[in-house]
Structures are given as C-alpha cells and as structure tokens.
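The chain below stands alone and is given as structure tokens, in the form predicted alone.
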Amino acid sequence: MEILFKNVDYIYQPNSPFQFKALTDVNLKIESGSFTAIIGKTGSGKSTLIRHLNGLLKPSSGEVKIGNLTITSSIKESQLSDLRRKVGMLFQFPEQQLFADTVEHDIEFGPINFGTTKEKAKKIARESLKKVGLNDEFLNRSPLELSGGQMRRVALAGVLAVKPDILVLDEPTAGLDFIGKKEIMKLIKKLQLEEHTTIILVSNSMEDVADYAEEVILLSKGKVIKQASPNKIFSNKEITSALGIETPQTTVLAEFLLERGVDFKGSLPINEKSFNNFLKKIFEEKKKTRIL
C-alpha cells in the first residue's frame, strides 16, 4: 500500500491558549513494500506523523492517502476500522502493552477483535509466534515470565496476527542489549523481504537506520527537511550537523582514518557492509602502490 502525505498540517489543541503546530506542510511518499526510516531530534514531529498512518490523528489540513483511502480532518471513525487492521503499530516499549494472562491470549486478542473465530485465532497465534522466532511452548506462558527480548517478540506477534500490510515501529529496539537489538532488526527486515510488508521505522539509532532502511525521512520542527537514501542523508554533513543528527559509527571511524592520511576516493561507509568494502579498497590501493 502506497502512502502519500499532501500538504499536511497538524495542530494540537487548536483555538486554545495551548495551541501548538506539530506538523507543517508535510509532503512525502512511501512506496509499497519499502523500508523507510523516520529520524529527527525529540520534538521534530516523528510521533505525530506516524499517528496519522492509522487514523489515531487526522490532519488539521491537507490529506493522507493510504492505498485507496484518503484521510482528512472530516473523515468519520467508522471509515477507519479497515485501515487499522491494515496498519499495525508497535509503540516504544511495546511489552508494556501486554495484558493477557498467557502469550496465546495476548496474540489472539487482535484477530478476535476484528471478528475472527476463537478457533482460527488460535491457529493465527501459533503462526504469528513462529514468525517472530518463538515456538509453541511459549503459548501458555505468562508474558510477565519472559525476558525483555522475548516480550518484545510477543508484542510484535500480536501486531502481526492481524496481518497488516504496513508495520509502523516506534523505537522497537529501545532498552534491548546489542544481541536483542540485532535479532529484532533482522526479524523486521525479514518481514519486509518475505512478507512484502511496508516497514516504517522511527529510530534514534543511526546504525539501525544505516543497516536496514532503504529510504530516510528527516524531520525538524514538524517539517520534512529531506527524503533520500541513507547514503545521501548521512553524507550531507551540513544538514545532519545543523540538526544534531548523529553519524553512524562506521562513518566516524572512516573519517578518523582519512584524517590520519588514509587515501580514499568515494562515498564514506555508513554501515558494516560498506565499511568492509571501504577497507578492502584501501588495502587494494596500498598493494598496488607497493607493486609500483
């Protein structure tokens, strides 16, 4: 499902002393089946923007088009039920959303809420749990007995149980250790590649953005500053420095080597794979120089 924002403004508490404009003239396009990251400092409008994707918020002006549905300020709640099945949202620290006595009941909740029979919901729960790398033995366990990483997977399984076309994730690796972060991000990327799910990731981890995203939307003060590939975003030092966006550690290390005399021509690496290619080219050039 393609996503389009056209001239979207959003105002909190309009016509009151506390009026605040969180989004201003937002225009963007997210392709169906893509992996898009949304980045920006705290208060840039990231959370406000993603809440428009399933109608939790409606534009004060402008429109959001998701597939064949156009969301404006006047859309009725009854028109949003199908959208909310198609757009799954996982908020920061999603394990806090787990509420049922067992993992199975927690995952079943979404499908049953959308009209699925109990018998079919049980089957879906098993399938969804398998997708996140957990086996059936977890079904009868209490979510409170699980590790942080396992709880995060169960919460994700609950979202996947309604089979969304679009998956929106707000800091899905927050609070996890290095291994837990890697496992969750690989799982999300797998969903995109194998299920053709459109992934929208809000993240403060530029390493995750550089490793997994195909497109990046950079926000500042409620405005889209730039939408481009991770390479183009992170190579634009003027923009990232001005907005306080961190550079991926691989890029920082490459810059460190260049400052100390390493000869390299080309775009700087932004992730582990491109850094390995960076090192390979440096060694190849040194080898040629020695032969000459």
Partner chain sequence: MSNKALEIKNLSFKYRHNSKETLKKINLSVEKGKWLSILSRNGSGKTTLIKLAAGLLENSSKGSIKIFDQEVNQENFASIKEHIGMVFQNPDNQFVGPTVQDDVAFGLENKSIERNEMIERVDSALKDVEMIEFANREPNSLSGGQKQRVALASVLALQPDIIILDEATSMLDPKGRKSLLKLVQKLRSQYKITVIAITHDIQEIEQSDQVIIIDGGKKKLEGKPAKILIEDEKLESFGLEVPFTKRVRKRLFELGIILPNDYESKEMVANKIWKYYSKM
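This is a predicted model, so every value here is computed, not measured. Numbering follows the first chain given and starts at 1. The term rigid core refers to the maximal set of C-alpha atoms that superpose within 1.5 Å between the two forms.
Form predicted in complex with the partner chain: not shown, discussed below.
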item	value
Region of this chain that lies against the partner chain in the model of the complex, out of 48-56, 27-35, 229-237, 242-250 [heavy atom, 4.5 Å]	242-250
Any non-hydrogen atom of L176 within 4.5 angstroms of the partner chain in the model of the complex	yes
Non-hydrogen atom contact Q96 with the partner chain in the model of the complex at 4.5 angstroms	yes
Contact flag, N68 vs the partner chain in the model of the complex, heavy atom cut 4.5 Å	no
Touches the partner chain in the model of the complex: Q19 (any heavy atom, 4.5 Å)	no
Heavy atom within 4.5 Å of the partner chain in the model of the complex - the one residue of N204, Q192, S220, T116 that qualifies	N204
Interface residues of 249-276 toward the partner chain, as seen in the model of the complex [heavy atoms, 4.5 Å]	Q249, T250, V252, L253, F256, L257, R260, G261, V262, D263, E272, F275, N276
Cα displacement of A22 between the shown form and the other one reaching 2 Å, rigid core superposed	no
Rigid core superposed: I282 CA moves 2 Å or more between the shown form and the other one	yes
